[in-house]
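Next comes just one chain, in structure tokens: the form predicted alone.
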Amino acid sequence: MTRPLEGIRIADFTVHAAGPFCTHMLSQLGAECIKIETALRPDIFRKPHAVYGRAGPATFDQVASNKLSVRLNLKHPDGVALAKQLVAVSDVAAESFRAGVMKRLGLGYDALRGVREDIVMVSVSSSGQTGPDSHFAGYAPLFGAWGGLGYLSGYRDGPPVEMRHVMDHSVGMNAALATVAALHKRRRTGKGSHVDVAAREVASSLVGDALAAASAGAAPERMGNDDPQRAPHGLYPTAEADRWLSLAVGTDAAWHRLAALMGQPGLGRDPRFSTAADRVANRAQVDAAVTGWSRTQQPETAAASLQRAGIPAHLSWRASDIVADPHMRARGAIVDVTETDGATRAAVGFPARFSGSDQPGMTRGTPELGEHEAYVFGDLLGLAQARIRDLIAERAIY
């Protein structure tokens, strides 16, 4: 009863969010993930920062949970040599630096193949390892903007909306999928691969319908929460501040049921709203009518009433709603993990289940910097304690 990637080891050189989310997903599938860090230049997300109402490294806590941590100074030749030793006993080497950085460190794909011929190397970058734009660095808002997703996100009368963590995590999930594919190829052929993931291309892959429309001469624009074929469709206020009701009416019958539920059955017979095309054409009036009703309703009661009437609807949940949800807890989608200091906190599990495996995807919390060096350098690489102390003194391990 093992997890799918049990027995796979990852040498994780990734930083920030997109690359670390890739290896975080793989670790929850059972891979042993060893995060390589340095005190000289800690992962920027390891630094405490006030976000989501929590004065701590919230992002790092998410993407580093379940991982082991060792320190390696990759500017030191012995640090690079140790990194190669670790890759030699790993199946995957993952990195998310600007294109060319790993090669300049002496850890490019050719160098890593020299220590393990069938290594799978995964490189996550802004624009890929090749091409005229490969030198550009980037963060999540840039990926979404450059890939076209940002332009299509937002309201008609407002600017494009920058895509933050959802963009990083979309890139990471795509990179994890590509890594699993490369491991499958290696199992079939015995050959490794260099997997090159360009974040901006991931963003473009998410707006393929808009790109297809543009290629046919159309000009897709921002629609906010609207839908080209459905109205009402979107988020509507309730009687409770900042508790929003999401609903989507896709048929005439559902519109009639909604009108009756709102106590305005006449809306179902109003010629302005007779068909889906009519409701889309008169969307402003439809939204005004629904908003007038929804803002007088208690959120949970309204959502339950709509669902009983066969109208797709739900509250737009806050993080606190998800953490406390019995369904998410029952499926192991939200689990409690223990930190090094003994404190516990909620964490997000892997969003899939596998028959024949009931082991939790998340087994530990955020590692302290260098917490697992005795295991990695001693047990795994076989270095004597005296040698480890010398490498620490020389700042190769730092």
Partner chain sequence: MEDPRPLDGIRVVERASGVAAAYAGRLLAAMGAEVFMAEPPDHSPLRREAPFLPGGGSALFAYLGAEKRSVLCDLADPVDREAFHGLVAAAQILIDDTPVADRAGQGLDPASVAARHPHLVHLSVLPFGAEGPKAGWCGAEINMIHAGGEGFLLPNGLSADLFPDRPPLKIAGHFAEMQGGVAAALAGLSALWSGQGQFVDASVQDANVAVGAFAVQRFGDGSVEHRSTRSFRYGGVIECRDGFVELLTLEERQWEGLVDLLGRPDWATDPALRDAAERSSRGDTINANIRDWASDQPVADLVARAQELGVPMAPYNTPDEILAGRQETARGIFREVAGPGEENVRVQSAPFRFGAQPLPVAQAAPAPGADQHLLVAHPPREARKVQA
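Rigid core: the largest C-alpha set superposing within 1.5 Å between the two forms. Everything numeric in this text was worked out from a predicted model, so none of it was measured. Positions refer to the first chain, counted from 1.
One more form of this protein exists, namely the form predicted in complex with the partner chain; it is left out here, but the text below deals with it.
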Name the stretch: of 368 to 376, 347 to 355, 66 to 74, 32 to 40, exactly one has residues whose heavy atoms fall within 4.5 Å of the partner chain in the predicted bound form.
347 to 355
Can you pick the one in Leu82, Met102, Ala198, Ala231 that has a heavy atom within 4.5 Å of the partner chain in the predicted bound form?
Ala198
In this chain shown alone, the residue from Gly106, Gly114, Pro265, Pro160 with a heavy atom within 4.5 Å of the partner chain in the predicted bound form is Pro160
Partner contact for Val337 in the predicted bound form: the partner chain, 4.5 angstroms, heavy atom:
no
May I ask you to state whether Ser274 is within 4.5 Å of the partner chain in the predicted bound form, using heavy atom distances?
no
Should Arg364 be counted as a contact of the partner chain in the predicted bound form, where contact means heavy atoms within 4.5 Å?
no
Close approach of Gly292 to the partner chain in the predicted bound form, 4.5 Å, heavy atom
no
Scan 112 to 144 and note down the residues that get a heavy atom within 4.5 Å of the partner chain in the predicted bound form; none is a fine answer too.
Ser127, Gly128, Gln129, Thr130, Gly131, Pro132, Asp133, Ser134, Phe136, Ala137, Tyr139, Pro141, Leu142
Checking Ser205 here: with the core superposed, does its CA move 2 Å or more between this form and the one not shown?
no
Core-aligned CA displacement of Gly310 at least 2 Å between this form and the one not shown:
yes
